[in-house]
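Shown below, as structure tokens, is a lone chain in the form predicted alone; questions about how it binds or moves come after it.
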């Protein structure tokens, strides 16, 4: 296995005003599982394709295992790719699909058979080796694609949205299988996905990319608890974080926050320390973020977020309910216990403790400490 280092990696397509990837810097340790996430068109697949040697580098460096590989062809980079499409040969058996690359490299037959058998045991494909792709389920085909990469014993695994063609149940199952595979192999894996749930549940670290720019790189827990900015805060977490534009009111005794209207139903009560910090701030407005899972029904006695809201939609999900409500023309989502007596049309109070509330600069979007 090997580490991967990206230094100021940039991709500028001719005819585009802005680079598709702009000065990306990442360090992926040997044996680490890293996810590149972001909305469609953000540049994450472009980065993966440049690492794989399928796209030319406009500027910057790609280092794999301590050597610069910018000018090396894909076959010499010691990487293995798993694509969104399974890309299996329909006329070949599972065993032949898995061994195809090794045969092209003229690896001895005994080594090929040993590599295929070993990968088949890891991926639970031993009983399927004589079948053809048409006889397999979607999840089994994806495991064959993984096996084809696994037999190569590469320095780095590169995966481009490999689960997007699977149904919801199979995605969860195969997600767990890939995580177990990484734990077993201790392999270096770079995984591209637009699904932040996949990234949160699988990765050691996550790189969030937006419009070609790296917004934040860290552990799932750090990105969830300490997002650098409003984009990361809204992208990480499902359902997405609630954002409310609020006004800073500097009273004689302390600062408090209210909604933008004069008779607002939304307020935030601050601690003395936070009051002092905001009293010294230049702005008069602020963006407050609260995650749906941190909202509770009813008031709280201590400092925190509070909103009187009208329930518009209730989504029953078994163990809990997603409550969609409006307050001062602001949409809020709360996750409440399924045994809640809340009904559509009710007026309810939604509250959150202050230590779960985030504050963002309305102009830059940066998180305020």
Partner chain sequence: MSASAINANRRVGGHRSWIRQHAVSLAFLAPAAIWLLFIVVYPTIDTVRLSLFNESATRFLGLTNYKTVFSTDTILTAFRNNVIWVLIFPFFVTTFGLIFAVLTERIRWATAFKTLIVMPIVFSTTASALVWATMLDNSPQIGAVNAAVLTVSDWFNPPGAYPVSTTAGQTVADLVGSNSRAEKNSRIVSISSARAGGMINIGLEDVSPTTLTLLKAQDAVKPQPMSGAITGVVWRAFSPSDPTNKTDILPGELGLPLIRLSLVNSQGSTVATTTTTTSGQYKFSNVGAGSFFVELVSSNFSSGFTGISWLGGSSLTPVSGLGQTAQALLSVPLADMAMIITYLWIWAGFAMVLIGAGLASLNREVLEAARIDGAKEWQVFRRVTVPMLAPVLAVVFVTMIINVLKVFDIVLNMASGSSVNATPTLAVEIYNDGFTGGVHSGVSSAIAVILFLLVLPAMIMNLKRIKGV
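Numbering follows the first chain given and starts at 1. Heads up, when I say rigid core I mean the largest set of C-alphas that superpose within 1.5 Å between the two forms. Since we're looking at a predicted model, the values are computed, not measured.
What comes next is about the form predicted together with its partner chain, which is not displayed.
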4.5 angstroms heavy atom contact with its partner chain in the model of the complex for residue 83: yes
With a 4.5 Å heavy atom cut-off, would you call residue 148 a contact of its partner chain in the model of the complex? yes
Partner contact for residue 75 in the model of the complex: its partner chain, 4.5 angstroms, heavy atom: yes
Might residue 104 be said to contact its partner chain in the model of the complex, defining contact as any heavy atom within 4.5 Å? yes
With its partner chain left out of view, which of 152, 256, 291, 175 would have a heavy atom within 4.5 Å of it in the model of the complex? 152
Contact residue in the model of the complex, chosen from 52, 311, 34, 64 - any heavy atom within 4.5 Å of its partner chain: 52
With its partner chain left out here, work out from 167-175, 83-91, 292-300, 228-236 which stretch has heavy atoms within 4.5 Å of it in the model of the complex. 83-91
Align on the rigid core first; then say whether the Cα of residue 185 has moved by at least 2 Å between the shown form and the other one. no
Does residue 89 count as moved between the shown form and the other one, where moved means a C-alpha shift of 2 angstroms or more after fitting the rigid core? yes
Comparing between the shown form and the other one on the rigid core, is the C-alpha shift at residue 104 2 Å or larger? yes
